[in-house]
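One chain follows as structure tokens, the form predicted on its own.
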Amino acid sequence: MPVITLRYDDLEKLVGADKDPILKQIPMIGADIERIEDEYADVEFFPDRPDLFSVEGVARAMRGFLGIETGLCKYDVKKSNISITIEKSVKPIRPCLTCAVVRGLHLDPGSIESLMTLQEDLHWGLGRDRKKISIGVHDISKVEPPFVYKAVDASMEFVPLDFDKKMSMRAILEKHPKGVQFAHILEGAKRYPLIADAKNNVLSFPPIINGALTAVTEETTDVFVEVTGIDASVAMALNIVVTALAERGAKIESVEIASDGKSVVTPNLSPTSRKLSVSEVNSLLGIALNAGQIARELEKMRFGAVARGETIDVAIPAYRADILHNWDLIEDIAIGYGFDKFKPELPETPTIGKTHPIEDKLALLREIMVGLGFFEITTFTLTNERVHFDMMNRPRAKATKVRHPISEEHTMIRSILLPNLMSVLSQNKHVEMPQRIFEVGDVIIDSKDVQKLAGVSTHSAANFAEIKSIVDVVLRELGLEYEIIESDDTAFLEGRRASILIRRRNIGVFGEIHPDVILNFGLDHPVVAFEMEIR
């Protein structure tokens, strides 16, 4: 989880209070204080609150929590004459873009460090390590709008950040530390994304590195902020960055983005709206608050809230990425009310707890797999048809769909574990071989919860005999009698795949992953794998 350094002089100025009451109350908004030093404190925040990944965001939240300034934060966005064009060439590579201009900054080493830390934490939290989103902040005085977002040949040269000589984009991916670290995101692309100004000066090579020309320094007063990515989360990242800068008194200006003959203006900092009922709040929290009290707790958490009879109209700030359901608002009401005010009660019926039998079996499986040299991972239960079926070389089958998915990456609940393990391998190609990982977890099959175990092994000598021996050990340690027959699973290589039968019921499959599947996930070495139901 992100650890934010809060320097007392900066924090006190932004909050308008002494550090002692601030530090006393910070844990109550969902954070752990890692250490307290003479000049600063390191605080760990939960990843569901990316708006708190900076001292500015923390200060905004604490002003409300301490009652210094409550209610919805409003940020004016003035129109600018700055525009950027998205060319068709870049859309197959990294299609999404949002931008803004922020003027009137007064930067010092501390505020620059806070801005850079916010960028990197958002790259991790929202951006999945820059794959989904990447952020660039540029000194706009060094370049001349209008800007253009386009795809260019790998031979294009510019001076990257932290270097003093021109390098081709190909060389940056091979030699620049950031290029080496994030080159896998652009693997397979024949051309690369670039943001340039009217004179073809380079601002950014997203998602890899900014140009040295627009580096932000203490002399910088006006910045151009751009966020590129592969889905709509770019807008949330932009909102978090620009509102954090506005907390220091800077002014936000919009940017017109032209694409395919149409144009949009960003950022959009308008709040979204939800309605809460008094009954649903009190039912979930087990307390008795009236509409006015609920509204006050929401305002304490920096929402707009108006009580209307037995309902509350809630305005959600544009920088809150975590509000997906009314229950998220109710959680914030509980935080504002104070968890210390909830009275603990003993259960009316005394019980003696013990682990469920399936948990005992899962624990045994984990012990077996770790003993076999595998590392356990835990992946998301939500996925999509492309990864789950298409990339696994399997026909699309019946699946449990998400009614209102928030992104194209999360449209269904997984029914198998292997695609997620393959995705993890694809994201860790830079890790030394061999790689052996496993997962035990729930899947949904025909609307029923089923526990499965899956494992994969990749290295230059991975073969059928290796994975068969793994399956043999697992089933033998479980004390199960089984038989093996030929499989027709198209995710595996014909002639090197087998089904696992227990009492003539097919409970799993193992073998060598098909070369097409390996290429679909961008892997370079043979992969062997197995997956089985836990019964």
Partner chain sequence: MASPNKPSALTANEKRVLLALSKIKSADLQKLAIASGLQVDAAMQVAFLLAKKGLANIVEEMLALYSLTPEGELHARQGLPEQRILAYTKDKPITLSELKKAFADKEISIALGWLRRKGLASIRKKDKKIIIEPFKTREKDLQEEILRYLLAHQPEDLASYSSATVQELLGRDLIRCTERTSRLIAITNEGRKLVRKGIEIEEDVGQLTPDLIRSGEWKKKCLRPYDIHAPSMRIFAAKKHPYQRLLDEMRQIFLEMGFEEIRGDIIQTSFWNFDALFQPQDHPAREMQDTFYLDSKGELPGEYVRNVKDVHEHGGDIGSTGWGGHWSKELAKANVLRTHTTTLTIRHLAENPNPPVKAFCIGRVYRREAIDATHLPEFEQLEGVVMDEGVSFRNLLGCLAEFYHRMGFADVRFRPGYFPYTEPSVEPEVHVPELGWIELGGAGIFRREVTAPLGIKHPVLAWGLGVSRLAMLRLGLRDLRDLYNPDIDWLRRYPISQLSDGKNE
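Residue numbers count along the first chain shown, from 1. These numbers come from a predicted model, not from an experiment.
A second form of this protein, the form predicted together with the partner chain, is not displayed here; the remarks below concern that form.
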property	result
Residue stretch of 68-76, 371-379, 207-215, 291-299 approaching the partner chain in the predicted bound form, non-hydrogen atom distance within 4.5 Å	371-379
Exercise: residue 311 in contact with the partner chain in the predicted bound form, heavy atom 4.5 Å	no
Distance check, residue 159 to the partner chain in the predicted bound form, heavy atom within 4.5 Å	no
Close approach of residue 331 to the partner chain in the predicted bound form, 4.5 Å, heavy atom	yes
In the predicted bound form, residue 163 touching the partner chain (heavy atom, 4.5 Å)	no
Contact at 112, 171 and 249 by the partner chain in the predicted bound form, all three, heavy atom at most 4.5 Å	no
In the predicted bound form, the one of 119, 266, 384, 435 near the partner chain [non-hydrogen atom within 4.5 angstroms]	435
Position in contact with the partner chain when the complex is considered in the predicted bound form, options 188, 395, 92, 347, heavy atoms within 4.5 Å	347
Sequence-ordered list of residues in 277-293 near the partner chain in the predicted bound form, where near means a heavy atom within 4.5 Å	283, 284, 285, 286, 287
CA-CA separation of residue 347 and residue 286, closer or farther in the predicted bound form than in the form shown [shift of 3 angstroms or more]	closer
Cα distance between residue 424 and residue 116, which in the predicted bound form differs by 3 Å or more from this form, closer or farther	farther
